[in-house]
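Before any questions on how it binds or moves, here is one chain, the form predicted on its own, in structure tokens.
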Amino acid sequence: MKTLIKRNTKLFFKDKGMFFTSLITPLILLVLYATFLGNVYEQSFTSALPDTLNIPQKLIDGCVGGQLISSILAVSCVTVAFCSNMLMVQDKANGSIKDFTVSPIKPSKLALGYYFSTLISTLIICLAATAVCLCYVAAVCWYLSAGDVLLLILDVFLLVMFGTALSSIINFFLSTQGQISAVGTVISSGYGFICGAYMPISQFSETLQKIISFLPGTYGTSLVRNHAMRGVFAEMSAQGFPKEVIEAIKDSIDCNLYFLDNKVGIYAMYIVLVLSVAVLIAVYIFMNVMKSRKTK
């Protein structure tokens, strides 16, 4: 499996098209978000506050910056995984997968070889994107502590694991470049909405909110947002903002999530995300083993 991971990782970085496509996606999102969604986030933030409150511009910039980078990272960790996982489909398209399936390699090891190589490639790109996002926040207004940065990196790692597992299951059914391009386009355009990155879930209808509350990616987005904006909320509290106002802001930007009208805690979000990753990986391995048995 170690050899498979090395082989797949090297091939990914050797393919300049796949690598640069994956690398440039978070950077494009950062430019687009800062250019077009910055004002929308700022208006959404200020509209949730009473007119009697005098809000420093630095605090507004810090809140908008935290919301921007949390949205970018929540989307990139999943969409980049689909780009990084194209190698699995390419091996099917050019027939390389047949060389592996006729050799004495266990289907579980073959599946995990693709999974871990995609995880490594995606993690490298997403950590680079995290560094760029942190530089953006530092340029706008920095309220993060060292603990917030470490937790943000942990969130990115878990989301990359989730995105890699999800892409592995979906790509399992694909066998051509056209299919992976079509699926990648759908995921890139649609995932941001259903995970609450493009638009806060609180702005959806109640029925849609309940449906989305069953999706693990939603909790991953909320984790990133909580840790990216914890310092901002702490500064608000230090400046005398009423607790009710801070909670209303958290509700409006999905830092607070509710499952069937029950507030979901941070630890519960971690549990949901970790269990989802474990289940998806188990399903992915099971699918590969069953396919191998059927072929034999």
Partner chain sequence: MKNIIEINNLSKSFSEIKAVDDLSFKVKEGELFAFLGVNGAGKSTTINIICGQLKKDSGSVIINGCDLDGNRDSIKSEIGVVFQNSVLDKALSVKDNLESRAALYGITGKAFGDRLNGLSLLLDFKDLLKRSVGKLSGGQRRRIDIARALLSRPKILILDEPTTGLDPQTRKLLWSVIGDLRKNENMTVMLTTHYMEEAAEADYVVILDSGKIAAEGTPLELKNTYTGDFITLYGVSDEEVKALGVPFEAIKEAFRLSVKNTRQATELIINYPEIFRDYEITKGKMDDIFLAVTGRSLTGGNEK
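Because the structure is a prediction, the values reported are computed rather than measured. Numbering follows the first chain given and starts at 1.
As for the form predicted together with the partner chain, it is not shown, yet the points below apply to it.
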Which among 119-127, 141-149, 195-203, 88-96 is in contact with the partner chain in the model of the complex, heavy atoms within 4.5 angstroms? 88-96
May I ask you to check whether residue 112 falls inside a 4.5 Å heavy atom distance of the partner chain in the model of the complex? no
Contact with the partner chain in the model of the complex for residue 105, defined as at least one heavy atom pair within 4.5 Å: yes or no? yes
Would you check, heavy atoms only and a 4.5 Å threshold, whether residue 100 touches the partner chain in the model of the complex? yes
With heavy atoms only and a cut-off of 4.5 Å, decide whether residue 11 touches the partner chain in the model of the complex. yes
Can you tell me which residues in 1-16 come within 4.5 angstroms of the partner chain in the model of the complex, by heavy atoms? 3, 4, 6, 7, 10, 11, 14
